[in-house]
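First, one chain by itself: the form predicted alone, in structure tokens.
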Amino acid sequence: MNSSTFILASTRLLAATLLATGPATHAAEQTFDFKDPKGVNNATFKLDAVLETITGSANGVSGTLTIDREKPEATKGVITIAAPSLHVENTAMKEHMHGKDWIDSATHPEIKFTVNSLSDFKMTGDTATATVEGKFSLKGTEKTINVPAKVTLLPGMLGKRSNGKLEGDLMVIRSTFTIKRSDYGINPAAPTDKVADDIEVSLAIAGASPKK
């Protein structure tokens, strides 16, 4: 379960660092949209218990991130994953996963990550890494978590990704982090030797900022 989300904020200092190299025609504030028309953006999750390993994915990614190259501390945004898009191959397991005892996707259809702050920023080439603090919301519970993030800003590369249909910039976000299902009321009574309490989440998404 994926929250993905979570990651966005590292772009604050990334944006500031790239001020000198970013396209001169851009305004200071720039918004990246993570609703991917190609349907490639996704998150994956894994629960690695003693008796069984459960892996799955989600592709219902949306949300926006707005950065200000002159005021990176003003970065804002939310990444959302549609809970009903969570998928595992086993049909019965998938039905249970979406049920009320587990993620209850009918009642709580969105998983969200909202940016708070970042620390431990490092810049290598056009890629930034940081620890991002944000509010992660799942199954009606919201908790503040810290996740590592890697963000790459790719000026002028939207045309290449969209096969020439759009022109503009890309932002690519990658993150892997762990949450506990018991923290979010995801069937906390389930035996941990069969269903691990730790959920490893990996996110790989691209946001588009088309030329106006």
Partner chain sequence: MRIALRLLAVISFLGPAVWWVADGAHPGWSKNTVAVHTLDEITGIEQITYEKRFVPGIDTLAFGLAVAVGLSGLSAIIGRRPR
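Residue numbers count along the first chain shown, from 1. Since the model is a prediction, treat every value here as computed from it, not as a measurement.
As for the form predicted in complex with its partner chain, it is not shown, yet the points below apply to it.
Contact here is defined as any heavy atom lying within 4.5 Å of its partner chain in the model of the complex, and by that definition each of 40, 57 and 89 is a contact residue. Residues within 4.5 angstroms of its partner chain in the model of the complex, judged by any non-hydrogen atom, belong to 158-166 and to none of the other stretches in 60-68, 180-188, 142-150, 158-166. Interface residue among 82, 123, 93, 78 relative to its partner chain in the model of the complex, by the heavy atom within 4.5 Å criterion: 93. By the criterion of a heavy atom within 4.5 Å, residue 176 is excluded from the residues contacting its partner chain in the model of the complex. Contact annotation: residue 170 falls within 4.5 Å of its partner chain in the model of the complex, judged by heavy atom distances.
At least one heavy atom of residue 52 is located within 4.5 Å of its partner chain in the model of the complex. The closest non-hydrogen atom of residue 206 lies within 4.5 Å of its partner chain in the model of the complex.
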